[in-house]
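First, one chain by itself: the form predicted alone, in structure tokens.
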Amino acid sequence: MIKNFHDLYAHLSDTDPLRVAVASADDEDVLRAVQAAAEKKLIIPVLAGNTGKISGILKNINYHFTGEMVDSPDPETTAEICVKMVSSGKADILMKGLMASSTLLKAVLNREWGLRSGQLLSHVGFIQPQNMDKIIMITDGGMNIAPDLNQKKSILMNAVEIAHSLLVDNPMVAALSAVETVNEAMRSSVDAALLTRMNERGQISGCTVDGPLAMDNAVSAEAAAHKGIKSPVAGNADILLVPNVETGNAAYKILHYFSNARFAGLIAGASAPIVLTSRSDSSESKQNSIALAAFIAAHKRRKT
């Protein structure tokens, strides 16, 4: 079980480096993260975009890059080049650089040469709180705006699949709402209860789901006990399933700016791992995201 980012890097130490196609690599934080990951021999990067700008940044950060660079005139072309590299097997991981997420995802969803898998794409944020020896996943705070019940099930299963890749055999999933009881006026509480029932009946497998749970009861055993909540998930959540993108986005960014936690971000549900972080994320967060993607890709390769 991968409990923290230190464990993650330790597990990757004996893994062959994977090829990462970096779309619009002309960003200093992105290149610092790529450099750090390459120096740890986690990846072999391919840098695509404006090679003049990329070369200038490489020089400024003293990164003596000797690998492959691909010049491209605009973000749309760059996204196509990088996605095709991954879909054709010339690269294992896709990484967003300095381009709009919508541009990259449009290429990912291309029906001819994209990275469709038949699953819904969703964003997964990874948080290692300072006071916990575990990585908590929060989803979906980046893609699906107001998911319905079936979409929440897909988002949940994407996260569970990643948890299994991180060697968590039976992840605890907290379906979040603002309350711990079903309230028909609060759709998130109804959906959470239905997802819990679906899990009990085997319609959702590979995990344990409970909800509705408020955030405090999901992550604090003391808070759950104080409210009389008895559940294997309460106070022990591995995955926080949020009701909508506003909740997930706000929770992730509040923790980012008001805590000393460590972070990472990926897109799940595609045929290959996609590193997609905010432009405001630090180079450390981007490096952690690359490491997670490499671990997931290596796990997938071992299974096949």
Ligand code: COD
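From 1 onward, residues are counted along the sequence shown. If you're wondering where the values come from, they're calculated on a predicted model, not measured in any experiment.
The next section is about a form of this same protein that is not shown, the form predicted in complex with this ligand.
Only one of N144, S165, S231, Q128 lies close to this ligand in the predicted bound form, with a heavy atom inside 4.5 Å, and it is N144. Between the options A224, L105, M172, I136, the residue in contact with this ligand in the predicted bound form by a heavy atom within 4.5 angstroms is L105. Among heavy atoms of N50, none comes within 4.5 Å of this ligand in the predicted bound form. Taking the partner from elsewhere, K90 is found to have every heavy atom lying beyond 4.5 Å of this ligand in the predicted bound form. Although the partner is absent here, L109 sits close enough that one of its heavy atoms falls within 4.5 Å of this ligand in the predicted bound form.
Q119 belongs to the set of residues with a heavy atom inside 4.5 Å of this ligand in the predicted bound form. Heavy atoms within 4.5 Å of this ligand in the predicted bound form are found in exactly one of 213 to 221, 180 to 188, 95 to 103, 68 to 76, that being 95 to 103.
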